[in-house]
Each structure stands twice: as C-alpha cells, then as structure tokens.
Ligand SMILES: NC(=O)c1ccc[n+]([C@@H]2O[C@H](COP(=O)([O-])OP(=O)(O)OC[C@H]3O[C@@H](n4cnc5c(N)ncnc54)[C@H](O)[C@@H]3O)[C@@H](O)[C@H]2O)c1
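The data below hold one chain only, encoded as structure tokens and taken in the form predicted alone.
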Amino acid sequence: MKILIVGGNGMLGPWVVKAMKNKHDLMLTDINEPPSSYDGEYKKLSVDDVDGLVKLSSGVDVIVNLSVLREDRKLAFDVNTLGNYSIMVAARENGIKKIVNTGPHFQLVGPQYEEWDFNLNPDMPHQPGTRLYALTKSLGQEICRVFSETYDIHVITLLFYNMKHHWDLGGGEDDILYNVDMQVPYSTAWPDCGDAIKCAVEVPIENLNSNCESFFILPDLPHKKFNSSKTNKVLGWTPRYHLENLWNKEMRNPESHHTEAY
C-alpha cells in the first residue's frame, strides 16, 4: 500500500518507518528537513496546508497522522485541530478510506477520569478537560469523527501513554538500579508504538465496529486501571516489551552487591 505519514520526522516517525518500510510504499511529510538516515520519498509540508495535502495524497491508500505541537496556543490549534481537518479533506477529495490518527491518552481520559482506578477504556465518552494539548487533539479527533460518518471514511485513533525506550522498561543491564518506581508506570516501548501503527494500517476495515474507533496503546498492568483488550482483539497488537520488572523487581545494594527482594 501507499502510505502517507504526516509529521513523519518527529519522535515516533522513525519507529513507524522501521515497522513498515519493508512492506509498504512510504512517503513522509514534515515541516523540518528529513533525517539523514531516511532515504525514501519526502516532502516538506505543514499539516494545516489543505491544498498541499490534497495534492500530495493523490493515489495514497492510507494517511497516518503523527503530527503534534503542544506548547504554543495558536500553533497547537493549527497542527492538532486544523491539521486533522486538512487530512480529512484530503481523504474526502482523493477517496481515501482509512486514516490512522494518533494522540495522548488524556485527550480522552482527562481530569474527570484521573481518580478512576479500574477499567478506563477507549469507548468511554471523551473528557479532555481544558489543557491545551489534550483539548486541541480532542477537537481534531471530533473533526475526524464527523468526516468519518459523513463521507464513509474509517478513522482509527491510537491513544498512547508515555513512550520510552524498551531498555528503560524494567532493566536487564547490571549497571542500572531499578529500586524506585517510575513516576508514570504506564509506558510503551517505541518499537511497540511503531508496530501499533502498522497494525492499524493493515487491519481490514470490516474488522472495525464503526467508522471511528479509538484504541489504547500500552501494556497491561495487574490492577487493570486501563483496559486495552480491544486493541489486541481488533488490531491484533500485542506489545513485545512489558513492565513486569517494575512490579516484580529487586532492590540492589550497590556497595555489597547483595540482592534483596521486596
């Protein structure tokens, strides 16, 4: 398939390219120059350029939206909200039937859900709150929903929680001490994030329950605060890297090399 990856020069982009480069024809866009390690098709383009995106996506099978801007009020709205409008217009004009959108978990699970401790799931009503990042991404997702229902376009939104390098998810290296808890224990390894995008691109649309579906992308934790079973069942995504060492861990005394379980 021909895949257009918008915002492909960000932190997630290289992992998506690595997951899909041998199976699909990829074209990346971003506002910056391409990374030196990337030798594929690339176009310098802002996601809020409607006409440019319509022209560039002609002949594309799937658009993957990795674009994000968090801090600046106007630019965050232009990228996170109007960017989704541009993508959906491009899909409508070019007959593209699948969009893979991305965002943070809290564009759905905002402040009103933060005290919940069980079974937060991606089919709950959205409660993004008033934080700039969450609100602008949630507005963009709502634009996707309206287009999906009006023009019969399938939108898959992947909601991520705290990406980290897989070697930071519980250890293995002898010279690193894992005797303190992570500030945020819900973490997904970058390679798994790239694989999740690949699963969303490749899932048959007949497997989806509706034109607009959301999925949590994070490994399971014992107390089941977040329920990501839908992701495995529908998309077939299972993380390779898990967090067991963060709740079944050992405390090492670096002076005595004594290991004490706790």
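As the structure is a computational prediction, the values presented were derived from the model and not from experiment. Start at 1 with the first residue shown and count on from there.
Below, we turn to the form predicted together with this ligand, even though it does not appear here.
Participant: So if I measure heavy atom distances to this ligand in the model of the complex, which of the stretches 110-118, 146-154, 133-141, 85-93 falls within 4.5 Å?
Facilitator: Of the stretches listed, the one contacting the partner is 133-141.
Participant: So in the model of the complex, does any heavy atom of Pro104 sit within 4.5 Å of this ligand?
Facilitator: Pro104 belongs to the contact set for this ligand.
Participant: When the contact criterion is heavy atoms within 4.5 Å, does Ile99 count as touching this ligand in the model of the complex?
Facilitator: Ile99: no, not in contact with this ligand in the model of the complex.
Participant: Does Ile31 reach this ligand in the model of the complex if we count a contact as any heavy atom within 4.5 Å?
Facilitator: Ile31: yes, in contact with this ligand in the model of the complex.
Participant: Even though this ligand is not shown here, does Phe77 get within 4.5 Å of it in the model of the complex, heavy atoms only?
Facilitator: No.
Participant: I need to confirm a contact call. Of Cys199, Met27, Cys212, Leu69, which residue comes within 4.5 Å of this ligand in the model of the complex, counting heavy atoms only?
Facilitator: Contact check passes for Leu69.
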